[in-house]
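Only one chain is given next, in structure tokens, and it is the form predicted alone.
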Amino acid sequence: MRQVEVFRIKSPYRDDMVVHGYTFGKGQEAACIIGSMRGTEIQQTYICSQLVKRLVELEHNGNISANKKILVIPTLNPYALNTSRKFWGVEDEDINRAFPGREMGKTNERIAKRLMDYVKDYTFGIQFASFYVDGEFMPHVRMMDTGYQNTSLANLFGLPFVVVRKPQPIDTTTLNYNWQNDMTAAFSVYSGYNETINEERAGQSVSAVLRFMTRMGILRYDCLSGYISHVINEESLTNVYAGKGGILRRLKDIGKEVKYGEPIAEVIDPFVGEVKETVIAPTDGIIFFQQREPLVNESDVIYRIVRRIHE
């Protein structure tokens, strides 16, 4: 393992912000793995730390293929992690809404630009990402429908689902979208947690990345096969909304099958304990996402269900 300086951002008020990466092997720039961009992505940083730990062992045992180089960048935003803020610094800007970046732009745009310049030659790009809605997902790989995506490659991670998202205007400033436009095979891996560390999901994510790199010939590693991934478009997910506000009592968890008309949650009056609403499944399917917050407001998304298509 070798520690490298990916880039440095000068600051007039405090120490420079230095983003470090860790490289394994040498030769062709094969795979770049990136962790957190936001200060709330603790799970994503932790997953990268565990991946670095495993790659140190694999490199020591000679399991990295000849002429293959791997780069792991645990975080692009150490300032936010250190100060427990979600976004970048006093500007409160989201780095993952600043790509491809500008050298003479705002700080988050300069961070994005310097990252893209540093990693542009890697064949595969993997990001441990978080979603804008707080909650728990089924582990999955997400790709943008840019015309360059390859779901067959995404299947090689061996996670339960591969989700293809038709990009909206806001998505055009994300790392995944711009990586794909630069002809890097880009994948966003979702472990289902952000501010909370979940050891089981972290281990599953590390195994998925090692499995992918083994199947692409970057590692020589005896990995388990994982899941046969189910490829879905994001449009096939049905949102389930709370009709009233109160305390959420979930009756079903992610990964569980539900049937149309089945009670899947209750909204409880927080003062008298009565059931204000029984939430009913609007379709047959599998729960893909669930709200984790104990309090919900009217019209909050509490579940997302993968619709089952009847023959």
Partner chain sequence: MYDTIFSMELPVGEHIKLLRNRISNTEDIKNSSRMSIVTGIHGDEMEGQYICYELTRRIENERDKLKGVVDIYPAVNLLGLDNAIHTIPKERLDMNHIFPGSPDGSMMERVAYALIEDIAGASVCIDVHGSDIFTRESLQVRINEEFAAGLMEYAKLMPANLIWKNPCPSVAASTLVHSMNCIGVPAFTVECGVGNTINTKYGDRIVDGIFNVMKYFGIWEGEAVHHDDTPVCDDSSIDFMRADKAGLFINSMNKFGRVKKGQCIGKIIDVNKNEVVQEIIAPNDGILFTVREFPMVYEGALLARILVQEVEK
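These numbers were taken from a predicted model, which means no experiment stands behind them. Residue numbers count along the first chain shown, from 1.
Beyond the structure shown, there is the form predicted together with its partner chain, which is absent from this document and is the topic of what follows.
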Select from the listed residues 230, 215, 120, 114 the one whose heavy atoms reach within 4.5 Å of its partner chain in the predicted bound form. 114
With heavy atoms only and a cut-off of 4.5 Å, decide whether residue 270 touches its partner chain in the predicted bound form. yes
Counting only non-hydrogen atoms and a 4.5 angstroms cut-off, does residue 161 reach its partner chain in the predicted bound form? no
Just checking whether residue 170 would be counted as a contact of its partner chain in the predicted bound form - the rule being heavy atoms within 4.5 angstroms. yes
With the partner left out here, check for me: in the predicted bound form, does some heavy atom of residue 252 sit within 4.5 Å of its partner chain? no
At 4.5 Å by heavy atoms, is each residue in 102, 107 and 244 next to its partner chain in the predicted bound form? yes
Want to guess which of 128-136, 198-206, 151-159, 219-227 is within 4.5 Å of its partner chain in the predicted bound form, heavy atoms only? 128-136
Let me know which residues along 270-298 have a heavy atom within 4.5 Å of its partner chain in the predicted bound form, or say none if there are none. 270, 271, 276, 293, 295, 296, 297, 298
